[in-house]
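Quick heads-up: it's one chain on its own, the form predicted alone, in structure tokens.
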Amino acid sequence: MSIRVLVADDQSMVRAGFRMLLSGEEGIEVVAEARDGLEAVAKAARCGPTVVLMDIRMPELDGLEATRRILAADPAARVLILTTFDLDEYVYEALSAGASGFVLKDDPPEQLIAAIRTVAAGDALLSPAVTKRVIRQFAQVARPEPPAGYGELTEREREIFRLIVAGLSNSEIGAELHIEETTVKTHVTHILQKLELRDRVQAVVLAYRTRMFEAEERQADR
């Protein structure tokens, strides 16, 4: 089954570039293009793309609100944020709104293609650089109480949760804890279910927003 992609960007040359790049990729099909956020929302509803490549800065309706509307209409949709630089102030908000990750417009083509495949497979794309440079900067609202469901996590699940927040992939977590990657995936699934989160991106956002691990570290130091 092919990955159906909607490209939303207000620059026609950018849209054409993405279409040309993706047209040569096996199993990937560009099913629609959108010039602004309103058009992106409408075409997402009409075409049912697997992945939406969403530019943040667009007329009529920006990519942030468009992301919210697309995910409200279809929670299974996957949105990959496009930005020109990795400190875009809207990236954190887009991740909070449910986007599955972000890529830079000047990333190498193979990196963009890999990102599309990763997100289409149901995973999330959040590098350690994003964790440190974006989420730390914009997750300023502290909530002292841990989120609902956090108390249900086992010791192993909390350990894996910490490594997710540190930006490690499933394979890296497996290597760190000396367990199989399939075991890590099972634990991650349980963590997301207990915390009622859609993917690991939202898990990281939640951890920084609540500062849950900072509180635990302070208690351990006492």
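Because the structure is a prediction, the values reported are computed rather than measured. Numbering starts at 1 and follows the sequence shown. Take the two forms, superpose them, and find the largest set of C-alpha atoms that agree within 1.5 Å; that set is the rigid core.
Below, we turn to the form predicted in complex with the DNA, even though it does not appear here.
Student: Counting heavy atoms only and using a 4.5 Å cut-off, do E181, K185 and L192 all touch the DNA in the predicted complex?
Tutor: Every listed residue reaches the DNA in the predicted complex, so yes.
Student: Can any non-hydrogen atom of E155 be found within 4.5 angstroms of the DNA in the predicted complex?
Tutor: Output for E155 is yes: heavy atoms within 4.5 Å of the DNA.
Student: Since only the chain is shown here, I'm wondering whether D9 would be in contact with the DNA in the predicted complex (any heavy atom pair within 4.5 Å).
Tutor: No, no contact at 4.5 Å.
Student: Please tell me whether any heavy atom belonging to R198 falls inside 4.5 Å of a heavy atom of the DNA, as the geometry stands in the predicted complex.
Tutor: Yes, R198 sits close enough to the DNA in the predicted complex that at least one of its heavy atoms falls within 4.5 Å.
Student: Would S169 count as touching the DNA in the predicted complex under a 4.5 Å heavy atom rule?
Tutor: Result yes; S169 sits at the interface with the DNA in the predicted complex.
Student: Only one of these stretches, 40 to 48, 22 to 30, 169 to 177, 53 to 61, has heavy atoms within 4.5 Å of the DNA in the predicted complex; which one is it?
Tutor: Only one stretch qualifies here: 169 to 177.
Student: Take the rigid core as the frame of reference and indicate whether the C-alpha of E29 shifts by 2 Å or more between the shown form and the other one.
Tutor: No, its C-alpha moves less than 2 Å.
Student: Checking D9 here: with the core superposed, does its CA move 2 Å or more between the shown form and the other one?
Tutor: No, its C-alpha moves less than 2 Å.
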